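Single chain ahead, by itself, as structure tokens, in the form predicted on its own.
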């Protein structure tokens, strides 16, 4: 299975490393909008200018698009879906239906298959919510993220004028998490579940009050949360915030019985040393499913809800039945 990487930031580097874990996957190349000579891959992968991607139509079975959800993916994914089977990790939950429709139209026009919003949330956490809600219809869902660095939120801060670099940590509010795990099924607003901590490097002479206000009032990212903005030096950011840890939990509390007398809690959790490398690993496994489903004639946009679990694995059906079931 031949894959390509479009975009070479933290996620693209993660895909490059993840592709090495499987014998059935070959990395055709990395496609960048930067000067290819300035990109130094972690492996012996070849690097090409993004403008050359069209030359590889028919040679790439699945293109993994590695970009930010704020401005990149809404434009790039539909554009590329006309010519390539692909995957993205679009993670602005509120805008997923609109993104799906646009990518679906492009993929159907081109006769390709496009998996959107793959990763761990949306992605694996989405599946956990689906399974738990289907099994316990009388209950409530809760999703807690962190403490960890959000790539999408950090990217959104970096796009603000006057920002050199930034890291954003999503932090669960412990009282809320404990109440959910105790089976209390509390009513919680968005802001009662998490807070956000931002570490920002600003350009010399930049208006720090303006930057902080733009961060705190940014819709879909920070406006609904208690948000703290810390301005730090570039050296401090690199020294103290260079890692990309993350994780979280999906929890559903539900009841069964004639009077709801029996309580049940379902929890799926992750603890990640590297958010981009784990997300990339989900994308690479998903590429296998995209290629298989396209070979069966599927086209248009899909989500991870549409993928039969067995298609993610390099194992045969016989191996899965013997080793996994």
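Residue numbers count along the first chain shown, from 1. Quick caveat, the model's predicted, so the values are computed rather than measured.
FYI, the form predicted in complex with another copy of the chain isn't displayed, but the following is about it.
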Although another copy of the chain is absent from this view, report whether residue 313 comes within 4.5 Å of it in the predicted bound form, heavy atoms only. yes
Interface membership of residue 135, another copy of the chain in the predicted bound form, 4.5 Å heavy atom rule: yes
Is it the case that residue 10, even though its partner is missing from this view, gets within 4.5 Å of another copy of the chain in the predicted bound form, heavy atoms only? no
Test of understanding: in the predicted bound form, would residue 57 fall inside 4.5 Å of another copy of the chain by heavy atoms? no
Answer key, another copy of the chain contact in the predicted bound form at 4.5 Å (heavy atoms) among 266, 49, 45, 70: the residue is 266
One residue of 218, 173, 255, 206 in contact with another copy of the chain, assessed in the predicted bound form (non-hydrogen atom, 4.5 angstroms): 255
Tell me the stretch among 225-233, 146-154, 113-121, 78-86 that has any heavy atom within 4.5 angstroms of another copy of the chain in the predicted bound form. 113-121
Taking another copy of the chain in the predicted bound form, which residues along 178-202 bring a heavy atom to within 4.5 Å of it? 181, 182
